[in-house]
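Shown next as structure tokens: one chain only, the form predicted on its own.
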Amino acid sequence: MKLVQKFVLFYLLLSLIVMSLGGVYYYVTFTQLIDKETDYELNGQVNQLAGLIKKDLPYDSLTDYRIDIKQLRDTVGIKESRSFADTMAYHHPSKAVIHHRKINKTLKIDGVWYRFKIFESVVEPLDTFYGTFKATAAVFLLLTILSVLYSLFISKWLLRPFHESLNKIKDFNVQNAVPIVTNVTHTYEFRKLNDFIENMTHRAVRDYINLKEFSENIAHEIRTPLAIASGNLDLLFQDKDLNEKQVEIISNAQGALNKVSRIQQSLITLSKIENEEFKRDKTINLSEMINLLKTEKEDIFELKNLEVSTSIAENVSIQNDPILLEILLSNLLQNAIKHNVENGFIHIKLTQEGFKISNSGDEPSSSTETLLGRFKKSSSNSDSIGLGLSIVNKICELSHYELSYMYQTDNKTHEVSILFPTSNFAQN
């Protein structure tokens, strides 16, 4: 529901409450006003009748169907009094019993006590209630129609600058390196909002460009000295005069350089994933890719004496970037090899719903959720850089895959599952 619609809805709810209370107030006020005017009229009629009696006009000649005058004989302790009340009485013109207002007044006229009862028909309370209700309902209906029309006007015209800015934000992509330029508006709040949007996108584009240049520079500047150092170590390693201790030192240095190189490549990959530099718009045959990666690793499987079993559905295709998917699957397969045990197993399963890889291995030293973060390792293995699962996690987040990683203590098995979203999944 739009903001304007919510505002109108709350406004109408508040109006309904206020108008309902106002209707009750109008009903009570009208009823009291009618009773007051009727009482005033009835008292005036009594005074007129009393004046006629003073002029020796027989009191019984003044009575009719709504006027009752009686001369009181027992006057002990009697006092002049007057009271008004609502009552039901027969109404001759309408020939029905309807609501009346009645005065009951006792007067002493020329030493004689009289009791006057006069009835006056008034508007039925139920009619007054219905009348007030109809008037309130009509006003509320009119208010509702005007409010809806007003909300449409607000949404279409007054909020047009806001919607224009919102559409520009939706189309904004920092990778295009083009800041947002908003339209001119004369509304103060929207002008402030547009200024903020323009400043924010300018900063985002500038930071993105600086970060990208920094990453590219770092990647280039580190790669070259690493390659030189690695080459020099290879040359030293070929020296036949080296003793066993020197060979060990050179081997350790070469391993450290390789690890730095892998960290550099992994961090660059992570940066590219977070910057969404991959276009995930190609249809990839996942079955073929998994079989190919498995074939490429067969030598390593054999070298580590790992038993590999697969259950791969044929021609399973998914929409993504092929490089991203290859990185994801390679990292998972590499982890299954690296963190396995001697004579262990690896099981790979692909269905139309998702992918799962299981492998034997020791229990991780920390929780499986923690291992999805950067530089988190499941063991003290110095060969591990702790970025493989982090990259897998980022790719799954970017691709809207549901990733789960668990360790089954009973059979000492690591299990990583990926559930593909239905919208991105297809089968040839």
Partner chain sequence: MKVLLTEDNKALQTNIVTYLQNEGIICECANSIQECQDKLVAFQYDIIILDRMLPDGDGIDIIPFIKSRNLSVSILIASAKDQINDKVDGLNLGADDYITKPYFMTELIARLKALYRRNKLDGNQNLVLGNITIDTDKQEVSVHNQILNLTKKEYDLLVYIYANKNRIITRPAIAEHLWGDYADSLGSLDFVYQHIKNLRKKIISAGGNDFIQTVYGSGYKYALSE
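Throughout, rigid core stands for the largest set of C-alpha atoms superposing within 1.5 Å between the two forms. Residue numbers count along the first chain shown, from 1. Note that the structure is predicted; figures quoted are calculated from it, not measured.
Just so you know, the form predicted together with its partner chain exists too; it's not on screen, but the next bit is about it.
Though the partner is left out of this view, K297 does reach within 4.5 Å of its partner chain in the predicted bound form, counting heavy atoms only. For Y114, no non-hydrogen atom is located within 4.5 Å of its partner chain in the predicted bound form, even though that partner is not displayed. Shown alone here, N243 lies within 4.5 Å of its partner chain in the predicted bound form, counting heavy atoms only. Although the partner is absent here, N194 is not a contact residue: none of its heavy atoms lies within 4.5 angstroms of its partner chain in the predicted bound form.
I268 is the sole member of I218, V341, L152, I268 with a non-hydrogen atom within 4.5 Å of its partner chain in the predicted bound form. Between its partner chain and the residues T75, Q71, S230, T310, the one pair within 4.5 Å by heavy atoms in the predicted bound form involves S230.
Stretch 230-238 is the answer when you ask which of 230-238, 98-106, 200-208, 346-354 has residues with heavy atoms within 4.5 Å of its partner chain in the predicted bound form. Across the proposed site, F30, S61 and K79 without exception lack any heavy atom within 4.5 Å of its partner chain in the predicted bound form. The partner is not shown here, but in the predicted bound form the stretch 250-265 reaches within 4.5 angstroms of its partner chain through a heavy atom at S251, Q254, N258, S261, R262, Q265. The two forms, fitted on the rigid core, differ between this form and the one not shown by 2 Å or more at the CA of K279. If you fit the rigid core between this form and the one not shown, you'll see the Cα of L235 move by 2 angstroms or more. The Cα shift for Y90 between this form and the one not shown, taken after rigid core superposition, is smaller than 2 angstroms.
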